[in-house]
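The data below hold one chain only, encoded as structure tokens and taken in the form predicted alone.
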Amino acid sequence: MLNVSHLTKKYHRFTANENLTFMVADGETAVLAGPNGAGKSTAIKCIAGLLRFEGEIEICGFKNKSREAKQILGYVPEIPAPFELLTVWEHMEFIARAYRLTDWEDRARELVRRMELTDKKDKLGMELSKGMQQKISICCALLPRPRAVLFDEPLVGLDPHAIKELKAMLGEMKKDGTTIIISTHMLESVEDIWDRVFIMMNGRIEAERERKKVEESGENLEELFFSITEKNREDKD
């Protein structure tokens, strides 16, 4: 479970996130949706403990910057940043040692296989394409079997097979009770996997919807998204 309470992030006079408060339950897939510059990535980085912020964030009951929270959190950044001089397999070993995992090799091999990196396992990070680097990020984030995972635009740059496999993995994690948050500005990429959506504009959450209620009401998520984001632009003009 993830609890975000009154999250505010400022860069001098610019407010990137303003008083964000929301909750994502165990086994729930939530989407932070919004146009570029809405504050989605900043919120993800705050949750991951990479930025200072005002407010409180708890991951499965632990403060997000605590050791306990970091041990159960996975994070896939928007821009992959693998170690240039480590091979694909050495990335797996590095994560296993960092998290003090035991009997991790079979899971690592399975993740590498599903991301079609088996024949690249001896390639250095600097030798791989951006798409393959993204696959390494996914494998590293999922190797410790985290109880909560943050994905920042995870499908960008992935080939169709990798997208299919990642969505299958998301379904498996959901069944295992993992809390999942996906940041994206492309609703069509997550339309078949989301449970809850938070639509962001100018650093604020402008709307929250549950999938069940959207389906019951006949409300179209894409139309809702554009009605909120376009209205916000009109009001600003």
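Start at 1 with the first residue shown and count on from there. Computed from a prediction, not measured in an experiment: that's the story for all the values here.
Although not depicted, the form predicted together with ligand ADP is the subject of the following passage.
- Per the 4.5 Å heavy atom criterion, ligand ADP in the predicted complex is contacted by stretch 30-38, the sole one of 169-177, 55-63, 188-196, 30-38.
- Shown without its partner, this chain lists 221, 16, 20, 24 as candidates; in the predicted complex, only 16 has a non-hydrogen atom within 4.5 angstroms of ligand ADP.
- Among residues of the shown chain, residue 11 is one whose heavy atoms approach ligand ADP to within 4.5 Å in the predicted complex.
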